[in-house]
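Just the one chain here, the form predicted alone, laid out as structure tokens.
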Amino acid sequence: MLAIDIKKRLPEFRLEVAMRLNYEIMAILGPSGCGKTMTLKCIAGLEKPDEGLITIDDRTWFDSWQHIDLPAKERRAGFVFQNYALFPHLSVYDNVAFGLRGRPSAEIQERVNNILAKLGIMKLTSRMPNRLSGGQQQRVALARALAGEPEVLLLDEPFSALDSLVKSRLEDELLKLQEYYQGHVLYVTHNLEEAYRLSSRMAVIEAGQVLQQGERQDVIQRPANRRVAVLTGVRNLFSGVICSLEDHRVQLEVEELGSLWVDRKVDQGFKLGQRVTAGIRPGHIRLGKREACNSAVVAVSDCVEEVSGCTYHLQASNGRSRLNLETSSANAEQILRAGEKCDIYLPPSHLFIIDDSK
């Protein structure tokens, strides 16, 4: 297990990160400048925390109280930087072999050729970095990080500079990587879809603080607070009051939408009369559908046509106040225009409730 519990004072905020990782991919999600990259650098030994502990299995990489701080070269951590940081004066082969210096030449050759073959870049062996495409540079950077058989692989937004087609192919390769790499992977990104596709666990960070971490489904389906909801792409948040509690569901009264039922997946300790925030992701609102419960009539305030459908901005109103909602539809043949009214359905299984006190 990789265990991180560190603190570091930065100019804008104090970084405080505690997380556990057990041979899986954890995505670290958050806005630019929130401390994601600094966390990776502290793990790799490129930056020193002010205090804390970093251990992997039964070995300690950093312990501020025991004055242990292994240098980066003694930590088996592979780092893929956002700009790849390939050595411009070295060939692909020499870039990948760089971290293996001092080992027998036969071992170096075997390891380099093995990882180049696995990543499908054997034919690039003699090329210089300036003759590589962005996708090829990314593969070489990943090969260099893996050549030393690291216990921890640290990826700092490795796909951010790539076009969508190349990015998709490399994401597939990263997922296949788990077939032959059995270590811990920490993957930094600000892209929610990317984080969800590539990870089994997620940690959401803002201003140096871990707001929530856990299995990716739990973070997405049960955000811990409003900030986590917003940072993970929730566009529809509204206030309500709990008016009924049953074993497997909760009933809310929302001023603009009326009564809503929410499936209760876990006991969150809610009480009758409690004010809470409810939310639902845009893609889960069913447009043009009416059910016996959780339905409402709304007005279209705006329609944005996209390649695969439309994004609608809606308004629900009780005459006194308005609630803005966002949804999407893949049915481009029935485009609704601004001012039109339609039914919406909010599935109880996709609604979630946030305790406003958190």
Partner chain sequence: MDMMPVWISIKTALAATLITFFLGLAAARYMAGRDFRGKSLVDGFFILPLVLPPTVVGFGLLCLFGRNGPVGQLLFAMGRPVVFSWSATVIASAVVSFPLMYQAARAAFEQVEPNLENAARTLGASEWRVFWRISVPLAWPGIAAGAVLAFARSLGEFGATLMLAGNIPGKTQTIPLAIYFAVEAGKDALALNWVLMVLFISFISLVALNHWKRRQYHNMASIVDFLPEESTDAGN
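The shown structure was predicted, so the numbers you read here are calculated from the model rather than taken from an experiment. Positions refer to the first chain, counted from 1.
What comes next is about the form predicted together with the partner chain, which does not appear here.
- In summary, among the residues Ser133, Ser239, Ser160, Thr125, the only one with a non-hydrogen atom within 4.5 Å of the partner chain in the model of the complex is Ser133.
- This chain appears without its partner; in the model of the complex, the one residue of Val166, Leu177, Leu287, Ala207 with a heavy atom within 4.5 Å of the partner chain is Val166.
- The closest non-hydrogen atom of Leu272 lies beyond 4.5 Å of the partner chain in the model of the complex.
- In the model of the complex, the partner chain sits within 4.5 Å of a heavy atom of Arg101.
- The shortest heavy atom separation between Arg111 and the partner chain in the model of the complex exceeds 4.5 Å.
- At the 4.5 Å threshold, heavy atoms of Leu90 reach the partner chain in the model of the complex.
- Remark: of stretches 78-86, 244-252, 207-215, 192-200, the one touching the partner chain in the model of the complex is 78-86 (heavy atom within 4.5 Å).
- The candidate spot formed by Gly120, Arg139 and Glu173 is fully in contact with the partner chain in the model of the complex: every one of the three has a heavy atom within 4.5 Å.
- With contact defined as any non-hydrogen atom lying within 4.5 angstroms of the partner chain in the model of the complex, the contacting residues in 29-60 are Lys41, Ala44, Leu46, given in sequence order.
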